[in-house]
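Next comes just one chain, in structure tokens: the form predicted on its own.
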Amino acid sequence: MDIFLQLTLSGLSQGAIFALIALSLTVVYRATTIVNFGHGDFVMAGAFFVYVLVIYVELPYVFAAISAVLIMLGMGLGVSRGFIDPIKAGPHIGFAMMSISLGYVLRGGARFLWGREVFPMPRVFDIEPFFIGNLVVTGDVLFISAIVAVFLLIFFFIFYRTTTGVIIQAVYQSERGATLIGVNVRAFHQSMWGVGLAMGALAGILIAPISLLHPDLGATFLIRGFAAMTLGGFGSLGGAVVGGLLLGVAEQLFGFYINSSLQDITAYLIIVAVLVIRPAGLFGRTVTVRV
């Protein structure tokens, strides 16, 4: 039982990062009905920005993290204005191709600068682990869980208790209708791309101290973000969070109790199972997905 609880605790900590990635994907999808297939590489870019600022510029981790979020926020605005807006009149598949291409540009740039080397990030958590019975709660778990919980609460408050949330719902349901009531849909889409990539950067920032960094890091976390979205239901904010947490726990339990190799393919198995059994996910509803 102690092993099971320890694995569950570790899975929830890891799943919190998956939830944040899934939520940042969902933000862009809910605001623009576009799925960003290059999102994982933007998460990787956020992690590498922190690495560069901490190691080379020697900024304190907090300032480096804030800087990375602001950089990715600006990048999101630029991506929407420079690459997404010009192709809106084209076929929907163009959005998928554009997002994939932008992701590969980032990945290629990282490979150009660092090759395929793997870099350790110096630890920044100085919180001593403590015990709850036989369970070990590390500083990583506390820090990640607290940060993710705070941001999720803020984000859910914005979506469901503010005017901005009402605008997001209006744009999601009908861009034309939102335009008729005075919403600048284009500017709104740009801002949501910025927010989505900034949240992705936050996930990368949380990943950096506990994971080895390399240019292909984004692909690993992209599939987990999609698996969390699929499990929770596309377009569902709560579903993205629940899906991420369940995925994190499932990876730990499958890897320990069945076979360690299953840990790497749990996300794929979940995607296949959900699409076959319940395509709308746990909390989603059947919609026409524009990619």
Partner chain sequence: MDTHNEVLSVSGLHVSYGTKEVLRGIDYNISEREVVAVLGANGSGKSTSLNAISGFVGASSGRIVFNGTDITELAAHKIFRLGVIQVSQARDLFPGLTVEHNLRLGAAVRNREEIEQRLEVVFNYFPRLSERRNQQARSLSGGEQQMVAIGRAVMANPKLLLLDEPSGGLAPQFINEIGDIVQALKDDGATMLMVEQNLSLAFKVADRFIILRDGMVSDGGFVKSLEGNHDEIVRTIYL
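Positions refer to the first chain, counted from 1. Keep in mind it's a predicted model, so treat the numbers as computed, not measured.
One more form of this protein, predicted in complex with the partner chain, exists but is not displayed; see below.
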query	finding
Output flag, 67, 70 and 78 jointly within 4.5 Å of the partner chain in the predicted bound form, heavy atom basis	no
Exercise: residue 74 in contact with the partner chain in the predicted bound form, heavy atom 4.5 Å	no
Contact flag, residue 166 vs the partner chain in the predicted bound form, heavy atom cut 4.5 Å	yes
Residue 195, heavy atom within 4.5 angstroms of the partner chain in the predicted bound form	no
Heavy atom of residue 183 within 4.5 Å of the partner chain in the predicted bound form	yes
Contacts with the partner chain in the predicted bound form, stretch 140-178 (heavy atom within 4.5 Å)	163, 166, 167, 169, 170, 173, 174, 176, 177, 178
